[in-house]
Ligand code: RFL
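Read the single chain below, which is given as structure tokens and is the form predicted alone.
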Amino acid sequence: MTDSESSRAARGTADVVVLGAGPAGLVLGNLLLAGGVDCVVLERATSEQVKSRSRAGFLAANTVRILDRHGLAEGLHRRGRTHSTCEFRTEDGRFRLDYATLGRREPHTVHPQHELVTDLLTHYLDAGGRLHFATEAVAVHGADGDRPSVTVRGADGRTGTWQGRYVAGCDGRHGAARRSLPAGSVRHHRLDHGVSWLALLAEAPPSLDAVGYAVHERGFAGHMARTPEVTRYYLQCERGTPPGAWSEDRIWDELALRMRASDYGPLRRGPLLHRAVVDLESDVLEPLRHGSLLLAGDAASLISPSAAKGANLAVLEAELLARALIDDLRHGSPDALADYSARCLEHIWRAQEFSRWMVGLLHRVPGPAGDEAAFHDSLRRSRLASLRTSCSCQDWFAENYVGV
């Protein structure tokens, strides 16, 4: 299906209309297709944009198991790399955790999200799946009935309608699924962590063979390998800082300072390919089902990037939703759909709690200095000391760091 074909207004039908071609939408589409459920995926971006969106790249062991279980992990195993070490650099020194030997003894697999999405997209289209690019979902109607519909707008501005038995909202926090929720039907939990990061992609090899977490009086700095040629860095910055406010030289100098390169070795520098400012926020919607409209991925919950949980939650939720929809549509059993929201929220809240713990571990409390700030700073140092010395704390960290 070409972009020009997909942008033409049309009226179509499918048993399940999936909004969004990110990890949640594409895993869901692949599983529904394999389960004999008629579905269509609608995506507002073009094919090229979908394949190039840079996001997280650390996949949990459970995510790999899900993709393996459904024959979706070929590219991951061919290009992904196992990773199991993180290093903390603080005012009290540095220490490492080989988390694959702790807790449940599970590693991460490093596989950039745009590569995973490309793999899922190729598999879906090769299997005959229907996917319309450049087709923006505008609104979901009739979710309280058994024939919901979706108003869409193509790249040419013309509108059309898709109708199904269910609509799966996998289109993010600003998508049509969230916007279409009936007033008063949802509890929206929000938390602003009060921290902002300058998120950077550098055309430079990794500078250490671990995920690097640096806690410094000037703010947090992070190092995460993506590929042998590209590295993700994070720099804590003032809220409201424009992405282009800092020169490349200033960024590299600040990274070197906060990561204590003079003590532990220089950073391997290179041109910055991408930069953005990320405000660390979290939110959760309850419930995740509203009649015939079901939410997954970032449409269901947003989680701060402090613990790399977003894509992993999306894949887990997509599998749960696919099984529930197949049970209902193919076997006439609605029980799994009735339980879908509660099962997902159990995982979501666990991930949110750990993400919040990581924010507190890595950052000084924002705001004015004083006795309260000093108290919280001492608590942070105590947490790091426990993580450095306590076997039970290390096991808890490893289980939650990799688990979803």
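Counting begins at 1, following the sequence as shown. Here the structure is a predicted model, which means the values were calculated and not measured.
FYI, the form predicted together with the ligand isn't displayed, but the following is about it.
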Margin query: So the ligand isn't in this model. With the ligand brought over in the predicted complex through superposition of the site C-alphas, is the pocket blocked (at least 3 atoms within 2.4 Å of backbone or C-beta) or open?
Written below: blocked
Check: Is there a heavy atom of Gln236 lying 4.5 Å or less from a heavy atom of the ligand in the predicted complex?
Finding: no
Check: Going by a heavy atom distance of 4.5 Å, is Thr135 a contact of the ligand in the predicted complex?
Finding: yes
Check: So in the predicted complex, does any heavy atom of Ala199 sit within 4.5 Å of the ligand?
Finding: yes
Check: Does Pro148 reach the ligand in the predicted complex if we count a contact as any heavy atom within 4.5 Å?
Finding: no
Notebook entry, point to check: Only one of Leu121, Ala221, Val140, Ala311 has a non-hydrogen atom within 4.5 angstroms of the ligand in the predicted complex; which is it?
Noted result: Ala311
Notebook entry, point to check: Exactly one stretch in 121-129, 290-298, 140-148, 251-259 has heavy atoms within 4.5 Å of the ligand in the predicted complex; which is it?
Noted result: 290-298
Check: in the predicted complex, which residues of 110-126 put a heavy atom within 4.5 Å of the ligand?
Finding: Gln113
